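Given next, in structure tokens, is a single chain: the form predicted alone.
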């Protein structure tokens, strides 16, 4: 697949920086302008933003970048543009952007999300305090907004549910627990576990996170420094999030990944695919009591399942739990209590 770098913005060799910020985009200039400003406003200045124009009109992206560079007096950071002649998948676009950078850390910054101005400063500092960590993940505010006719405005915002337990392997195995905008990774993780899986049309970040967390801790910073923007149903379709406009695709790819993991050998008596299926089923349960949804603890269910499997509980009990979740999860809990004598 051919690609080219836009003349003035991209130097002959990528600069070595503290943080590489990869931003994929496709003909969403208003959202792109906001995302670029989010990076330019960072209090940490040692960053290189590479914008991967994923098959869109080069003039549109170049014009947004030119205006962004002219509208700030700050000399911090550098911005580059990588134009792809034809569209590729999201993960392949991320890989292209990463290949065009050199850095100690990296972030995937979607073109419709934004940061608090201290995101990079706080995240990099946390990495310095946790030298063996693979990633830092901050608290998140989810912003519901409407985009119509070239304008965007917020409708409401809410706290995005995230805990340290949801950043462990077992906490993440059932579902994708956080968006890319909240995470800063060590660059070495790529050399240890490989790039993003370019074969995946969606959920590539989830699959990568599950590999990355095996190399080191995901440190949680509760301060809400990441803003995850999602569009309402009244918005123009071209501005939609992949998660909200492609729910069926997400479900399909999730099943494909779980099937793939089922074929992998068990580690310490636990099969990754089986663990994912059981934990995923648990989080899908909605028990309504007086109109209130009861939150299910993903990590707790995953840990119970892992203990049962490790103690050679019959496979049929776990499979039945996947097929009949309400009865299955209760059966798993009862089984565990009998095993541990409680």
Partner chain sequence: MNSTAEQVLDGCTKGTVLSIDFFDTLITRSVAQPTHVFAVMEQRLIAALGDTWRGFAVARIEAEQAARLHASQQDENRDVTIEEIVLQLAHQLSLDMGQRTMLIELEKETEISLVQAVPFGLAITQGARERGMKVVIVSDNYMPASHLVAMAHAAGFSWVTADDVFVSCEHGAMKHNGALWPVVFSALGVKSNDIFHVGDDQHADGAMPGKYGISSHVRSTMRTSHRTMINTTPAVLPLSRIEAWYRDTMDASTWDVAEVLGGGLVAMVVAAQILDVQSVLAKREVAGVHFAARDGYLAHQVWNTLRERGHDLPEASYTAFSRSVVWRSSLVNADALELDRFVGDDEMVTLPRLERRVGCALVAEVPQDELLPATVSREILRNNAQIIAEAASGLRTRLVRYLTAQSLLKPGHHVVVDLGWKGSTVADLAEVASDASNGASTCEGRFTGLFWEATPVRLRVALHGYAMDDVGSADDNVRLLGIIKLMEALVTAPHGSVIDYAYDGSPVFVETKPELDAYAAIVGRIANAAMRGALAIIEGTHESGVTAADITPQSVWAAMMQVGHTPRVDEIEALSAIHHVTSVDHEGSGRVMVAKAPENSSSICVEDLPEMYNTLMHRHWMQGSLRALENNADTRWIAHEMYRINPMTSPRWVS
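It should be emphasised that the depicted structure is a prediction, and the values quoted were computed from it without experimental measurement. Positions refer to the first chain, counted from 1.
Not pictured, yet referred to below: the form predicted in complex with the partner chain.
Closest heavy atom of residue 114 to the partner chain in the predicted complex, within 4.5 Å or not? Residue 114: yes, in contact with the partner chain in the predicted complex.
So in the predicted complex, does any heavy atom of residue 280 sit within 4.5 Å of the partner chain? Judged by the heavy-atom cut-off of 4.5 Å, residue 280 is well away from the partner chain in the predicted complex.
Would residue 223 count as touching the partner chain in the predicted complex under a 4.5 Å heavy atom rule? Yes, residue 223 lies within 4.5 Å of the partner chain in the predicted complex.
Is residue 274 close enough to touch the partner chain in the predicted complex, meaning at least one heavy atom pair within 4.5 Å? Contact check for residue 274: no, nothing within 4.5 Å of the partner chain in the predicted complex.
So which of 199, 252, 232, 72 gets a non-hydrogen atom within 4.5 Å of the partner chain in the predicted complex? None of the other options qualify; the answer is 72.
State the residue from 170, 83, 227, 96 whose non-hydrogen atoms include one within 4.5 Å of the partner chain in the predicted complex. By the 4.5 Å criterion, the partner-contacting residue is 227.
Within 4.5 Å, heavy atoms only, one stretch in 117-125, 189-197, 131-139, 176-184 touches the partner chain in the predicted complex. Which? The contacting stretch is 117-125.
Counting only heavy atoms, which residues in 29-45 are within 4.5 Å of the partner chain in the predicted complex? Result: 29, 30, 33, 34, 37, 38, 41.
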